[in-house]
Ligand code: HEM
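Starting off, we have a lone chain in the form predicted on its own, written out as structure tokens.
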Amino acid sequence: MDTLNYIILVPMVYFSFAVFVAGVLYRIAAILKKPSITIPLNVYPQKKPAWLHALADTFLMPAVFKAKPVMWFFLIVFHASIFLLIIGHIELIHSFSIFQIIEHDIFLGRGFVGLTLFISLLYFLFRRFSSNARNLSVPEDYFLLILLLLTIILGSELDWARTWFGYQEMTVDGYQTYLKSMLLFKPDISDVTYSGHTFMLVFHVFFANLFILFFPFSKMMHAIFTIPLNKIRRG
């Protein structure tokens, strides 16, 4: 079991991020190599800076709001929660003062951000079973949602154990030691593999690794391409 924990927490993490970086660069290079499109794509030209409109289209999604306000609400909640969780994971490595504008414990939200994200993912998953969405869904859609659900619920359980139930065996300091050692390429998992919750962390990292591996070859690449594409649309 110790060997399996080490494989998932160390070499699999390095491998996942290597594939992620290589995959993203490959996808970007493949797009740049394609012939340029000669037809005008700025179908919504504006007098104001196009980048502002592109950012508004990306983060506020006005078209989705008009067509499907309920889905828009869950999309906004989902993306806001993801943003806060990214900050939380960065703070596990180092607590930057810019993130402490509002003083808080790690993670921000005391477990409710993870809960909100989990509810949003449940909505997206069950929405896939409705007649219209089911006809447009492919196996990849279900795989991504289930992978994210498993990653989020296991990670949130670790946070809930500390913040809601006072389980202090596996602390933020332990996570920080592990992540810093990974960044320095001197992996040390001793502070995160002695607790009864070790299996939850290992599974959390395992599913996160799978998601990171799959990301460059999935629809999730829209996270990287959405702003440039909206800029093209706006001229």
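None of the values given here were measured: they were computed from a predicted structure. A residue's number is simply how far along the shown sequence it sits, counting from 1.
Omitted here: the form predicted together with ligand HEM. The next part is about that form.
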{"property": "Which of 22-30, 57-65, 172-180, 186-194 lines the interface with ligand HEM in the model of the complex (heavy atom within 4.5 Å)", "result": "57-65"}
{"property": "Contact residue in the model of the complex, from Leu145, Ala161, Ile87, Leu154 (heavy atom within 4.5 Å of ligand HEM)", "result": "Leu145"}
{"property": "Ligand HEM contact at Phe215 in the model of the complex, heavy atom, 4.5 Å", "result": "yes"}
{"property": "Contact test in the model of the complex: His104 vs ligand HEM, heavy atoms, 4.5 Å", "result": "no"}
{"property": "Partner contact for Val77 in the model of the complex: ligand HEM, 4.5 angstroms, heavy atom", "result": "no"}
{"property": "4.5 Å heavy atom contact, Met220 to ligand HEM in the model of the complex", "result": "yes"}
{"property": "Residues of stretch 1-15 in contact with ligand HEM in the model of the complex (4.5 Å, non-hydrogen atom)", "result": "none"}
